[in-house]
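Here we start with a single chain on its own, the form predicted on its own, put down as structure tokens.
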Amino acid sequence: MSNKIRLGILGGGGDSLIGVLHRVASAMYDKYQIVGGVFNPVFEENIGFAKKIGLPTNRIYKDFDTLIAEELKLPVNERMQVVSILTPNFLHFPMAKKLLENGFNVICEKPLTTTYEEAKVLNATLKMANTVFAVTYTYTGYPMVRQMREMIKNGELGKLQKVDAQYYQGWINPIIHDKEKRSTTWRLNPEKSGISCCVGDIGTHAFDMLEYVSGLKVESVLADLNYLYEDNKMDIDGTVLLRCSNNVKGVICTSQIATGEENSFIVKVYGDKAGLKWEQENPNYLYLMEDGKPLRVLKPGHSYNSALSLDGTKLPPGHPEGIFDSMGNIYKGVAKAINKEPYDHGEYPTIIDGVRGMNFIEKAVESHQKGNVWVAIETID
């Protein structure tokens, strides 16, 4: 029998971007074997998709509850060890909770849940289950993001004084101006997406990334969100001011109506000695900025990089790696945790990151609704 980790997948069928991203990532380091799942709520399409990607159909189940029931009938050394949740947001909580209650490890897409209260319940459930739980804030897997984290941790920027993240997309622009389209898109439906679209979808990436690379904790936020039309209940653009630990100030600017933008995610951290800048659309470059010195460009695979960065680099310098590799590094970190191997805590985002992300989303919306006032982020353990 294979010694690979047995992986089940919920969602991600058809032409889903998230589905192919997770499947490729799971295969990247030869750590996982996909053994079954529920890719689509329509069973015939579910079976058809499994056949298309070359999976046996004996563990392709008609629904989530059947998956749990049938997998628990199998011997421990045959059943799924970890299940990836790639469904729309509103299904994350019930699926993750039941998986934890039945002893499965979980890899969950962000946002973790649709409410902060649900996220706290999941955290409590995980403490009882004592399994591994990862939340796929994908961009933390990039080697040069990890290098940024290590340089800041080692004091190379000096005393931190400013953090800044900008995440601009334009994909909602053709949808938001059409009343029928904006009323039928699940991303703009609070019952399926939660209370936020833009902040919940991409703002939470920016929030997690700033905490990940800087080592700081956001302590309070002041948000100004944009809904554009009165009948639209979900933000599609927003700016959030940040007050962080160590008296550091910052800002997150997010938009899904930035016409013409694709996936422009830019992260900047400034200290009193130097600054660092990373751009998702050019992920293999990390820019080091210092007063009175030329701009330096750091690249993956070189010996000057940290062990954490090099561990996530598969190819020699000059061979670009991208989003699949970034997600692959997260899956690699989760595999180490499941196999009880030593790993760096920067190798995959945990449920705490997911819970803090949900708190950030709700506090940003609360700040806006109360008239753009400062609202505290709670401490999570």
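Here the structure is a predicted model, which is why all the values come from computation and not from measurement. From 1 onward, residues are counted along the sequence shown.
Separately, the form predicted in complex with a further copy of the same chain exists; it is not shown, and the next lines address it.
Undergrad: Report whether the minimum heavy atom distance between residue 304 and a further copy of the same chain in the predicted bound form is within 4.5 Å.
TA: Within the cut-off, so yes.
Undergrad: With a cut-off of 4.5 Å between heavy atoms, is residue 293 one of the residues that contacts a further copy of the same chain in the predicted bound form?
TA: Contact with a further copy of the same chain, yes.
Undergrad: If we define contact as a non-hydrogen atom of the residue within 4.5 angstroms of the partner, is residue 368 a contact of a further copy of the same chain in the predicted bound form?
TA: Within the cut-off, so yes.
Undergrad: Check residue 41 for me: does it contact a further copy of the same chain in the predicted bound form (non-hydrogen atoms, 4.5 angstroms)?
TA: No, residue 41 is distant from the partner.
Undergrad: Spell it out for me: taking a further copy of the same chain in the predicted bound form, does every residue among 177, 237 and 270 have a heavy atom no farther than 4.5 Å from it?
TA: Verified in the predicted bound form; spot residues all in contact, yes.
Undergrad: Tell me, please, which stretch of 209-217, 122-130, 187-195, 165-173 lies within 4.5 angstroms of a further copy of the same chain in the predicted bound form when heavy atoms are compared?
TA: Partner-contacting stretch among the options: 165-173.
Undergrad: What is the one choice in 232, 226, 115, 102 with a heavy atom within 4.5 Å of a further copy of the same chain in the predicted bound form?
TA: Answer to the contact question: 226.
Undergrad: Going by a further copy of the same chain in the predicted bound form, which residues of 285-324 come within 4.5 Å of it through any heavy atom?
TA: Contacting residues: 285, 289, 290, 291, 292, 293, 294, 295, 296, 297, 298, 299, 302, 304, 314, 315, 316, 317, 318, 319, 320, 321, 322, 323, 324.
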